[in-house]
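Next up: just one chain, as structure tokens, the form predicted alone.
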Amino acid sequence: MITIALGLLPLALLGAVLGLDVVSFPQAMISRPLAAATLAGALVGRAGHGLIAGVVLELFALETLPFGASRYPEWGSASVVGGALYAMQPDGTAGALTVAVCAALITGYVGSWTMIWNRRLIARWAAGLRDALTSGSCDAVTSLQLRGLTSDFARGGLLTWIALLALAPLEGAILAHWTFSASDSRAAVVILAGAVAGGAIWKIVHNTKGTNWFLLGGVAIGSLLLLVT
């Protein structure tokens, strides 16, 4: 168990960095599922598998509108979990993508709460430094910023590490009793992800004049490219 826990530390470090990118720093979009899951797969030694998981998770993530202090899934750490879990399974394992995506969605949900707890912690720190902040103390501002970055870094790392420790054995147990074929299970998760993405896109653009035709044209062109390749 100790060996497994130590072996997951590189992935936990990646989750910490990508969890930090979601809000705190540098917000460079490396925490998007497409990038995060691919990086996780690369750490496991199978970047292609991470990319596949990332594409599916990216479709789910299109539903997320991270505005203000709203609660939304934390996709950086969650995508590391999903990409790593899928990459850990042998090629053609029935249900591997489905279970990995579900694990990522669960991690993202838990991650949304950890971000709120982190905000509350930073708010308490800010309250304790109110007088210094009001006076314009540069040291107080720097201290609060560094505390926030450090706590968010630790939050993302611990979330990723604990999720992998808990979900990797669970994934193995579920796949050992999986009864659906590999193609059916992949199709199910892709259809669900596509439906979520389609609903998210439509919600954003349906009030814009002429968008319907652009959307239909994009679907038609994409379908044609899929058929010819």
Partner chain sequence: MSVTAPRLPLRTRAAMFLRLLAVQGAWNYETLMGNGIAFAVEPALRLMPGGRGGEKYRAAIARQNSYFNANPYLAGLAVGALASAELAGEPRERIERFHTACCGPLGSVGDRLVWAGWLPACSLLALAGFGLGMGPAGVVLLFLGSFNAGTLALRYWGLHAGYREGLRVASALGAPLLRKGPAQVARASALLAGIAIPLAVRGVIGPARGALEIVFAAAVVGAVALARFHGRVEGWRLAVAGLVLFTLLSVVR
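Keep in mind the model is a prediction, meaning the values are calculated, not measured. Numbering follows the first chain given and starts at 1.
Although not depicted, the form predicted together with its partner chain is the subject of the following passage.
- Taken together, L8, L158 and G172 are entirely out of contact with its partner chain in the model of the complex: none brings a heavy atom within 4.5 Å.
- When contacts are judged by a 4.5 Å heavy atom cut-off, L97 counts as touching its partner chain in the model of the complex.
- In the model of the complex, none of the heavy atoms of L13 sits within 4.5 Å of a heavy atom of its partner chain.
- In the model of the complex, its partner chain sits within 4.5 Å of a heavy atom of L59.
- Using a 4.5 angstroms limit between non-hydrogen atoms, I52 touches its partner chain in the model of the complex.
- Interface residues of 186-209, taken as those with a heavy atom within 4.5 Å of its partner chain in the model of the complex (partner not displayed): R186, A187, A188, V189, V190, I191, L192, G194, A195, V196, A197, G198, G199, I201, W202, K203, I204, V205, H206, T208, K209, in sequence order.
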